[in-house]
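Next up is one chain by itself, shown in structure tokens, the form predicted alone.
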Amino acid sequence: MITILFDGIAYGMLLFVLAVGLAVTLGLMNFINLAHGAFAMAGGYITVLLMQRLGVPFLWCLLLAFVLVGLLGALLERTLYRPMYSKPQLDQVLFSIGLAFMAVAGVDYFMGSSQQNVQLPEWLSGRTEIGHGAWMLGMGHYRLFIIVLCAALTVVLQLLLSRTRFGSRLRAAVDDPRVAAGLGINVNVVFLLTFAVGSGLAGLGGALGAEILGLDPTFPLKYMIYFLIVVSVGGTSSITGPLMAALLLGIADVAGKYFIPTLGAFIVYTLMILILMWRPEGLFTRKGGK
């Protein structure tokens, strides 16, 4: 039982890192980026290529996945995404889903459709067991690493948003971009940096999740619905909402598939429907935000 809870928390933390960039994009720019999973896939493939072909250590691969995908996100934001900000939401959906399909086709052409494997370093392999019987906790070392890393990232993001000048400018841009621009805040630069960080986090999530979730060209489409569930249930105006939603969904998904394998997938969607009927705006909304 405790092991299931532990695995659910690890899965939820991974979903949070994968989806938080989408939450920020939706909350800040009111832009529906259904190609968000393509950035995660890019991070996963960067990790695989660096490890398998260049022999780069795993931790360096995580850092490079964050940086390189963040730079890719900044480039695409400046060239492709920015002109779409003022377009109707249907145009944004069609544009971003088109990008996702292009990414899927491109990766399938260059890398093939087979599943990619990540060879974890020895210190992340294995499992430690504590206790006995029903109260035994079996901690996979890699899942423990994911929990610790994602918790640290959450603290850094929360401090960045609440304690720094950039966070103040970001919140101002979220609440009213026109007034923020009138006060001298370069909203375009704030959007660019935020989009790049969100893309980088997706890349990092893809690199971390390649071993657990699997990695193939269908990754952006396979997990798109999970990213959207985290964002819709948690809300888009804070970090806390997507975090709690990701943990809730991660635990429910792991427990559901363990206890009721044939109905496991339905539990997540049932939970989403019940939460949205209770709070259509998401679990957490920031006062004064949109």
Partner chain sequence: MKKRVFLSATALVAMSLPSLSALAQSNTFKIGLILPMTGQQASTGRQVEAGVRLYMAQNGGTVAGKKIELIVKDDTSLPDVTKRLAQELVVNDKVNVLAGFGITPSALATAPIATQSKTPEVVMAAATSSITEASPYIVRTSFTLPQVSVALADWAPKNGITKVVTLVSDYGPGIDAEKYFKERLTFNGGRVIDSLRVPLRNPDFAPFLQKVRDENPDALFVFVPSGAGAAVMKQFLERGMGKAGIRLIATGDVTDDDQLNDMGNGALGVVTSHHYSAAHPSAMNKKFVAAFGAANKGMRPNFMAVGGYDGMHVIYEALKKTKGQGGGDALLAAMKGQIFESPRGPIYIDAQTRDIVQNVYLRKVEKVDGQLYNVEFDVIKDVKDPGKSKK
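Numbering follows the first chain given and starts at 1. Worth saying up front: this structure is predicted, and the values here are computed from it rather than measured.
Separately, the form predicted in complex with its partner chain exists; it is not shown, and the next lines address it.
When its partner chain is considered in the model of the complex, Asp91 lies well away from it, no heavy atom lying within 4.5 Å.
Using a 4.5 angstroms threshold between heavy atoms, Asp216 counts as touching its partner chain in the model of the complex. For the chain shown alone, Ala172 is not a contact residue for its partner chain in the model of the complex, no non-hydrogen atom being within 4.5 angstroms. Residue contact check for Glu211: one or more of its heavy atoms lie within 4.5 Å of its partner chain in the model of the complex.
Note that among 124 to 132, 149 to 157, 79 to 87, 191 to 199, the stretch whose heavy atoms approach its partner chain to within 4.5 Å in the model of the complex is 124 to 132.
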